[in-house]
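What follows is a single chain, given as structure tokens, in the form predicted alone.
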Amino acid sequence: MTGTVTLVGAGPSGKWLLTLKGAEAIRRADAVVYDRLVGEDILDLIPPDAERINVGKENNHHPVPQDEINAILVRCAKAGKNTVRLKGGDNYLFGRGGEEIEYLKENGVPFRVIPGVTSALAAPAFAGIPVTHRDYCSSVHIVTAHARAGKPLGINFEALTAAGGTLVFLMGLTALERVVSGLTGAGMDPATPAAVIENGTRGNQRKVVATLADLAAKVRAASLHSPALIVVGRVCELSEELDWFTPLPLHGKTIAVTRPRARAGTLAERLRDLGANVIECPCIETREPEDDTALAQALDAHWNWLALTSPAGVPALAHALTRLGRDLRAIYGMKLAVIGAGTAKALAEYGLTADLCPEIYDGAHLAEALADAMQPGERVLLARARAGAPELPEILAARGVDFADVPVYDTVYRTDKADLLRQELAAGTLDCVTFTSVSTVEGFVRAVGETGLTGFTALCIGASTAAAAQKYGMTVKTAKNATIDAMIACLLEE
């Protein structure tokens, strides 16, 4: 049976400008054929077992020719795969989507099209430029300024000048001087406001606003690079007044988030909301063990307390109980101790309330608080990572507490984003890396190596995490409390 090919417009940057319908199509895909400018966080939506095919194109460099892309789509569909063709921006706006659909139709392949947000509208909006405004203009004209090598642009500058609307030129940075001379040669006033926007809608977006006559020189002075677009028209006068994105407190900062993917969202999204360019690079992940014998044996004994040391441990414990044919009633009667607010919140999602939470969220303070709260003869069951930090059991043992340390999940290091992290480090564009546990530090170092770790700030959630980062020579800042709120406050203080 022939599969369906769905063209999905990925938008201009990350998943925050991807449509819900597009995200749904990606999550259901058996194969994804994607372009160069699709955001990493969108690619992370692809199912782990789906076939991934990178057909990325650069200016005048097409490692996978269009004919071959067409053939790939047909091959995937004929193999019965639900295939997504993932394209930056919108499929039908200079994306050759129409050509691909024609080829699919000729070959009897069913297809669907899910539009995407185009950078032609989104980038100006993030730069404070409304492409239409009734006090300035009533039309917008989107033009490709890309030409084949050695060929003229083929733009009717006279018609564009006469139209009197806002002009948006895509893929035109290398042709900026020709665009300017073409417009002024067709009679456009050299004093017309204009702008170039680099990395539109991303946290590292930059812009240059000038007169048409001065634009090229100012863009060269600012060293703007592709991807970038050109906006020409009086609406560019509004750029400073209506700019909401550039003033955000973390705009221009590139921050890597190393938390496990299941936990990264809260921190990453809050950083994006503050204007940061966020790179989600999970350096660890949690995996539940295949053998739950240790937990089963522990549950046959009597325990007065259950201690949980991470939000990940809560669902891991619940899943282990299910595998054992049991449920949360197995911990009935135990008092619940948690390492911090995040773990308490995870418990609350199961309808459970923590009985004890230390003022300082780390293993050492949890151990001391437990030892102080327990009555003589009481026993505590630790349900945590197999390779958990040693402070908790060491202090409990020193205080004479009877306990069992049972693994409910394993921490596994990930290196699949290593190349991306190394590129950022080599380019010197990484401002900050966030670490929410000792294991995220170790995972990061395993991914990128132990050298060259001084060009960024390591933002750490607590003292033990900071000590791990300092061991590798990183420049460290430590949040006042072991919470995401405190980490963000620490960044904003800078």
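In this text, residue numbers run from 1 along the sequence as written. On a predicted model such as this, the values are computed, not experimentally measured, just so you know.
Separately, the form predicted together with S-adenosyl-L-homocysteine exists; it is not shown, and the next lines address it.
- Are any of the heavy atoms in Pro12 no more than 4.5 Å from a heavy atom of S-adenosyl-L-homocysteine in the predicted complex? Contact with S-adenosyl-L-homocysteine, yes.
- Message: Even though the partner isn't displayed, in the predicted complex is Asn199 close enough to S-adenosyl-L-homocysteine, meaning a heavy atom within 4.5 Å?
- Response: The answer is yes: Asn199 has a heavy atom within 4.5 Å of S-adenosyl-L-homocysteine.
- Message: So, Ala123 and S-adenosyl-L-homocysteine: in the predicted complex, are they within 4.5 Å at any heavy atom pair?
- Response: Ala123: yes, in contact with S-adenosyl-L-homocysteine in the predicted complex.
- According to a 4.5 angstroms non-hydrogen atom cut-off, is Thr166 in contact with S-adenosyl-L-homocysteine in the predicted complex? Output for Thr166 is no: heavy atoms all beyond 4.5 Å of S-adenosyl-L-homocysteine.
- Item | Check all three, Ser310, Gly363 and Ala389, heavy atom within 4.5 Å of S-adenosyl-L-homocysteine in the predicted complex | No, because Ser310, Gly363 and Ala389 lack any heavy atom that approaches S-adenosyl-L-homocysteine to within 4.5 Å in the predicted complex.
- Item | Contact assignment for S-adenosyl-L-homocysteine in the predicted complex, among Leu37, Leu453, Cys432, Ile53, heavy atom within 4.5 Å | Only one option qualifies, and that one is Leu37.
- Given that S-adenosyl-L-homocysteine is left out here, which of Val235, Ala316, Leu229, Val380 has a heavy atom within 4.5 Å of it in the predicted complex? None of the others qualify; the residue that does is Leu229.
- Query: If we take heavy atoms and a 4.5 Å cut-off, which stretch out of 216-224, 280-288, 253-261, 85-93 is in contact with S-adenosyl-L-homocysteine in the predicted complex?
  - Reply: It is 85-93 that comes within 4.5 Å of the partner.
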